[in-house]
Ligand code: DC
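One chain follows as structure tokens, the form predicted alone.
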Amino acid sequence: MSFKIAIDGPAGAGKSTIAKRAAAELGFLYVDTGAMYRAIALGLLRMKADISSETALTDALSRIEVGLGYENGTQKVFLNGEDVSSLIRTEEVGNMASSAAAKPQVRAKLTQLQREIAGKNDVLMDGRDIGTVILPDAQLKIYLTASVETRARRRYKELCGKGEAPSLDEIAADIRERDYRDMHRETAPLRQAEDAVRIDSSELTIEEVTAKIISLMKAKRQECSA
């Protein structure tokens, strides 16, 4: 039976970065579900789809195919056969992904694919509802969070490093808005699973959080094999 690790949490908590490191050290397959939603969001943006219309959304989704590939252990995300891994990290795509993820049709399209991947491999999967909806049977569940201020500063530094001139206040406001939207959507809202271990990364380094997750996984595997 495959071993499943589910990491949930709000945007900017460091889920993807930490999940990639932990998966690499454990020899697990890393599945970035957020990237899959972003790929769908990019497709919707390109088609200028009106996602408030169920008919328009269903039609747009019928013309979108999302796939995963792996190159030297790194996940690649494909939109209708095109590698869009480097095109899905913009604020515009992120905001559309958050809105689209609230739509049942979008979630249904990806849930089956994600479960199929987890059924065939030892996986570390991160997102918003992995432990609560996608992989409720995951042997280890983590809820990774950080303060709004910490997440805003991280995003600010990232954008400055790309030569942009962002507003820290605007970034913080966007994060608060996205948190509210993710936590109050009707379909699979962001919340901590009852059996998840909560980790606040506000005062922790990436290495410290990664080490904690690996330690928890090893303890859980011993528990499961006892």
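Quick note: we count residues from 1 along the sequence shown, nothing fancier. Since the model is a prediction, treat every value here as computed from it, not as a measurement.
We do not show the form predicted together with 2'-deoxycytidine-5'-monophosphate (DC), though everything after this point is about it.
Is S201 part of the interface with 2'-deoxycytidine-5'-monophosphate (DC) in the model of the complex - any heavy atom within 4.5 Å?
Looking in the model of the complex, residue contacts with 2'-deoxycytidine-5'-monophosphate (DC) do not include S201, since no heavy atom lies within 4.5 Å.
Evaluate G43 for contact with 2'-deoxycytidine-5'-monophosphate (DC) in the model of the complex, applying a 4.5 angstroms cut-off between non-hydrogen atoms, and reply yes or no.
Although 2'-deoxycytidine-5'-monophosphate (DC) is absent here, G43 would stay clear of it in the model of the complex, with no heavy atoms inside 4.5 Å.
For R89, is any heavy atom within 4.5 Å of 2'-deoxycytidine-5'-monophosphate (DC) in the model of the complex, or not?
Judged by the heavy-atom cut-off of 4.5 Å, R89 is in contact with 2'-deoxycytidine-5'-monophosphate (DC) in the model of the complex.
Indicate whether R107 is a 4.5 Å heavy atom neighbour of 2'-deoxycytidine-5'-monophosphate (DC) in the model of the complex.
Flag for R107 set to yes.
Non-hydrogen atom within 4.5 Å of 2'-deoxycytidine-5'-monophosphate (DC) in the model of the complex for each of T33, A97 and R178
Yes, each of T33, A97 and R178 comes within 4.5 Å of 2'-deoxycytidine-5'-monophosphate (DC) in the model of the complex.
With the partner removed from view, which of 178-186, 43-51, 156-164, 59-67 is the stretch that lies within 4.5 Å of 2'-deoxycytidine-5'-monophosphate (DC) in the model of the complex, judged by heavy atom distances?
In short, 178-186.
Sole residue of A118, A101, L144, A138 within 4.5 Å of 2'-deoxycytidine-5'-monophosphate (DC) in the model of the complex, by heavy atom
Result of the distance check: A101.
Taking heavy atoms and a 4.5 Å limit, what residues of 152-175 are near 2'-deoxycytidine-5'-monophosphate (DC) in the model of the complex?
Residues within 4.5 Å: none in this stretch.
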